[in-house]
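Only one chain is given next, in structure tokens, and it is the form predicted on its own.
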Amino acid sequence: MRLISIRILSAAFMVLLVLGCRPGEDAKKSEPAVSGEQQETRAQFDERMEWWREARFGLFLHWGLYAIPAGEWKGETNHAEWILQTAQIPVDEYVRFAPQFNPVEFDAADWVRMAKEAGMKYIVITSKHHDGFCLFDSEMTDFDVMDATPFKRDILKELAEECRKQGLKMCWYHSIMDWHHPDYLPRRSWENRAADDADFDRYVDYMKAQVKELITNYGEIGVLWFDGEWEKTWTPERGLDLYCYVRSLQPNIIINNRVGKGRAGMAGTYDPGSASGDFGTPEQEIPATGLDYDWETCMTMNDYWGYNRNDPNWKSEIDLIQKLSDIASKGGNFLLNVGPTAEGLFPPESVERLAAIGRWMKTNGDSIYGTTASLFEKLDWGRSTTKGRTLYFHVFDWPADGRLVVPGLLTKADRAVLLSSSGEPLDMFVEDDHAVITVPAEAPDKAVSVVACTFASEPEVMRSPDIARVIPPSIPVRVLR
């Protein structure tokens, strides 16, 4: 058999990407240049992404005026954060929600605490969604929480301060699209507002001024998560310019791929060598396999991002925990959404699920944080993550015969334990082309039970990688990590 290292294969198939304002170009200088012409080496990019890759799990928050109707308009209950569009509400009528926005139950410390106890390491909140309403104190508009509502508290400021206190990274979602602003184009097809005097360049100046407020007024920000880039008025050139502008204000910030035009539909895939942004953004789905770049699945707990009081289609606690395992096993991050109510509370169903995930993460978090993708093509009973010389086996379907068979694993671990146990070692042996771990008769966790196997050297794993262009498929290949 021919032996090939995964690391060697990776080097053979990956081009050394230099990311920044000129993705794919060689960095000619180490310091940021003037006017946003920032460039960085692969090592600098990896350093910037390090905390995000370690985190693996974050909280998404969609909150705004759309929480007031709570998904309902004129008897229809299938709306949420897009209600201005989906219910075709005229802008001059939609703005009447602002005087009703008074979330007196909002408690930044409580929100951050729930995220932290769920095992999340960062929070991304809608500073401005497509409706144009801002949850922060913006000097660029009166359509914000300070000027247009009776609440008159800078929600982002309170959350940023709490995240710093409790050790989470604060991140902003910001919509490129803005249905409220008179200069944003195109207009909705059903709107009655004239567009003759609209100037999209003037709108872009407005948006960049707001982005500057978000980046300069609230301390260090972990991620700027753009959205709404798909309309024809937004171009790749505008995306690159915005990416460069944000990095000129905070060089270490991370920016998603929706800043530009490289996203391929809801799958969120893109070419980081030719499109702006630092990571891909699959929406409401998990890739079938890992990707060749950083990525993050964003997903709702039920069917809507914003609060919809009539939506009962909640994913189960088990499903969400298994999705977290699945995503980590493919080298991705999981950004799980909560849509708070107009009063400023997390829906009780969200609270219950966050608490359940937190209990699981308290025991099994080591198998998620700082891990990399699985070494295995497929495990019928679950998933696997990797951290150094430790393999974590996430068992969804517990073996009834007490034998956890790991196909392709050719190395016996020095130590195998259940993370949920007191540390008592499990028996393990290798036979033919697989390993067998002897486990208890019953699964210790009904969602996902995790077995950690630590090896004295790099574990040897046999698989059939897709390298037909390098090695004829008739030649069997054993891959070592």
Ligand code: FHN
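Heads up: residue numbers just count along the shown sequence, starting at 1. What you see is a predicted model, and the numbers here were worked out from it, not measured in a lab.
Missing here is the form predicted together with the ligand; even so, the following discussion is about that form.
- In terms of contact with the ligand in the predicted bound form, the residue from R247, R353, K121, H130 that brings a heavy atom within 4.5 Å is H130.
- Note on the partner interface in the predicted bound form: the residue among E283, E317, D154, E191 having a heavy atom within 4.5 angstroms of the ligand is E283.
- Heavy atoms of R56 never reach within 4.5 Å of the ligand in the predicted bound form, leaving it off the interface.
- The shortest heavy atom separation between M266 and the ligand in the predicted bound form is within 4.5 Å.
- The ligand is not shown here, but in the predicted bound form it comes within 4.5 Å of a heavy atom of W82.
- Although the partner is absent here, C171 sits far enough away that none of its heavy atoms falls within 4.5 Å of the ligand in the predicted bound form.
- Stretch-level contact analysis of 380-388, 211-219, 358-366, 297-305 against the ligand in the predicted bound form, using heavy atoms and a 4.5 Å limit, identifies 297-305.
- Heavy atoms closer than or equal to 4.5 Å to the ligand in the predicted bound form belong, across 133-170, to no residue whatsoever.
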